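As a starting point, one isolated chain is supplied in structure tokens, in the form predicted alone.
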């Protein structure tokens, strides 16, 4: 049985999960090996309820869960940055508590195949405060980036697994070896890991990679890189796709020790958009992609094929109805709101194939 801790987060975080959570509850009712715990608050919502951006109850819920499904974390209607200055730190702290050290982002391209971005997320440029020195405005600030060879290897091994599933797509390993010692280490280990695995790949400097992701018609299948490079390049890919709502994100512990606390956190990669909260206009594709990845990650859910079913349903929902506001060409009169889009996805999941999958879990 997979236990999912539900953390809606802030702003549109709760409503953006409505469709995916509705489907999870359907699976739960039908006897699938999944149960939902929560919702539990964190971020600005946690601060509003408890005075803490990461309440003890939320941490404990994640300790007894296998995976976390999160909405966006950030600013929230009616709360200023002066009142709650850094709610995103709650997400960073969760990653550190459960050693969710590798990020896998799926950028869905409406008119082409998706792109996977694999990067480290708790080391390197995203190390803890012990490698930083703040400035009072008169002294120097310092951010130290340290890459451990074993951590680089595990990022590249995960990328190799995804690349093996895309043998006809290009894999690029992104660095800045002409400048950084960390990038020279990265490039050396990329050869050590990817070549023996039989993965053809190109070493690409980060500035050149940004150019290619914007300019080249054919996008790579896999981008593997250090944390901060991947953070930026995944947003470049979202722009190429057409919206930040087309990105589902997973922070994973590659050890996959189920039964010992959260092994992964799945979320849409966009922000909390407080100005759109309650409008029901936001595009929920990133949340659906996060759910698809969750269903593929859990060992008792993956054999059911539900993650593939969700991805296919999202594609059909895009093809069979008006676009959401962020994907609509200028002058489009008919648009899909969040609820209408979710209904199309849920209808697509109720196909004969999906019913057959569901029947196997009853």
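In this text the structure is predicted, and so the values were computed from the model without any measurement. Residue numbers count along the first chain shown, from 1.
Omitted here: the form predicted together with a small molecule. The next part is about that form.
S.K.: Counting any heavy atom within 4.5 Å as contact, can you tell me which stretch out of 83-91, 130-138, 160-168, 199-207 lines the small molecule in the predicted bound form?
M.R.: Answer to the contact question: 83-91.
S.K.: Among the candidate residues 212, 192, 154, 231, which is the single one with a non-hydrogen atom no more than 4.5 Å from the small molecule in the predicted bound form?
M.R.: Partner contact (heavy atom, 4.5 Å) among the options: 231.
S.K.: Can you check whether residue 126 is within 4.5 Å of the small molecule in the predicted bound form, heavy atom basis?
M.R.: Looking in the predicted bound form, residue contacts with the small molecule include residue 126, since a heavy atom lies within 4.5 Å.
S.K.: For residue 95, is any heavy atom within 4.5 Å of the small molecule in the predicted bound form, or not?
M.R.: Residue 95: yes, in contact with the small molecule in the predicted bound form.
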